[in-house]
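First come two forms of one protein chain, each written alone as structure tokens, so that there is a structure 1 and a structure 2.
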Structure 1
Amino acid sequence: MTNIVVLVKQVPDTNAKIVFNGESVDLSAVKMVTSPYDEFAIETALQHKESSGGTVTALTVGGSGADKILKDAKAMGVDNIVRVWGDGFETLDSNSFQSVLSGVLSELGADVVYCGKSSADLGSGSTGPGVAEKLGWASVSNIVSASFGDGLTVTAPADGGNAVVNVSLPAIISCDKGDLKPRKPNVRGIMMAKKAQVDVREASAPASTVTLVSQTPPPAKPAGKTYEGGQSAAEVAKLLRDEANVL
């Protein structure tokens, strides 16, 4: 029986406009969703269970607002949903955040962990490999497919193409979009999710050494030049060489 855990994160809808309140982003009016790559991780975790047997637990670090994405994962078919939270968790740096996650994963007794290749908010892609290092586990990032026959085999980008890699467990695998289509919840799944209880756990984190200074709109670009008609492409091509120096 494989103990499979999938890490999920609640983020602003990727189609949302980001607005600012002073020097920080204001997400109060933004719809919050499961980070898109995490849906590929959930799908991969469910396929792993269907192939090898076991349980899938969806785990998030977040306040009570994040229960919604756990219920969404439940509706897709995960068995257990766990949320961990503690004092000051809004501002954890990568080291503190990964310490929290590695502690909970040890508690849960995970054999293999799936996560999205990066979150749609901070997008750093550090969580999978960072947590794996804390646990002394293997990790493969940005996989585009996985198979679960005799052990775990994944396909991930490598110099000049893709590498098919056998991974020793325990391991943390971060998922790119690949060819997977995350399943849609069925009616039964949605009903189960409504009744499901979130296993809420408290944790503490080591002090953060990286602190937030400001969040600002991206620097404005100077207005560009606009031309009418296909013939102007000749002039633009020359400007790319002579003015922009990029050719």
Structure 2
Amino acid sequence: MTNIVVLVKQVPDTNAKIVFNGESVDLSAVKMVTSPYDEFAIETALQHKESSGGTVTALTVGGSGADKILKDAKAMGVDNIVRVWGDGFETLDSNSFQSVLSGVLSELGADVVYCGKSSADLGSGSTGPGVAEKLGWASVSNIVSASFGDGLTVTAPADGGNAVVNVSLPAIISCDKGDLKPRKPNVRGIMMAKKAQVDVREASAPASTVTLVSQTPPPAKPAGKTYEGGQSAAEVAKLLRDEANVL
């Protein structure tokens, strides 16, 4: 029976307006959701279970507010939901974060781990490969499809086309959108998720190696330019070529 784990992360809604309060991002009025690429990872994990058997555990690192995204994953069909938290976790850098995950995955006895190719808030794309490196596992990133016959075979973009890779387990696979369409929870799944108990585990935070100095929004975009009439065509073409780099 394959022990499948899918990593999920709570992030600000991608449609939310980000506001700064001093040198920090003010998230007090922002709706929090599952990072979109993680939904493709959940779908892939569930398809793996349906094809080969086993169990699927959704795992996140976060405070009690992150229980919602775990229950959303439960409503989609995962079997178990686990949240990890501890003192000092508010300031985890990516290296420390990956160390925490690798320790918990070892405790869970995972055979294969799925995650989104990157999170919607930071977008670094380092979690899957970083955790795989710490565990000494195989890793394939940005897959667009997977099949689960006698083993695990994934398809990922490569120079000039796609690469089809047979993956030896244990492994960590990061998922892109591809042809996947995450399933919608049914009423029974939603009701079961409301009653589900989150397995909360404590862990120690490794010493951080990164210090956040400040955060600033990107510079405001300059005002647009408007041109009318055929006599402006030459100037518009020049601007598109020299400034916009689209010609």
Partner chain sequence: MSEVTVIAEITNGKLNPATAELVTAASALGGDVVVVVPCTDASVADAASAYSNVSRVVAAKSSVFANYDASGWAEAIDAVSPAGNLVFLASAQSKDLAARLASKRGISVVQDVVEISGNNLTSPIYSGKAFQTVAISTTAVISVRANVFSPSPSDGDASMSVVDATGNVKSAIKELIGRASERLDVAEANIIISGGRGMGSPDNFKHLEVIADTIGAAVGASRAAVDTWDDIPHSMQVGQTGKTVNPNLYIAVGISGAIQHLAGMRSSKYIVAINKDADAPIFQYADYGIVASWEDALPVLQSTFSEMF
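Only a predicted model underlies this, so the values are computations on that prediction, with no experimental measurement involved. Numbering for residues begins at 1 and runs along the sequence of structure 1. Only the largest set of C-alpha atoms that superpose within 1.5 Å between the two forms is called the rigid core.
Asks: Only one of these is the form predicted alone, so let me know which.
Replies: That would be structure 2, which is the form predicted alone.
Asks: Superpose the two forms on their rigid core, then report whether the C-alpha of residue 14 is displaced by 2 angstroms or more between structures 1 and 2.
Replies: No; residue 14 is a residue whose C-alpha shifts by less than 2 Å between structures 1 and 2 when the cores are overlaid.
Asks: Align both forms on the core first, then report whether residue 218 has a C-alpha shift of 2 Å or more between structures 1 and 2.
Replies: After core superposition, the displacement of the residue 218 C-alpha between structures 1 and 2 stays below 2 Å, so no.
Asks: Just grab the Cα shift of residue 229 between structures 1 and 2 for me, core aligned, in angstrom.
Replies: Its C-alpha moves by 5.0 Å once the cores are overlaid.
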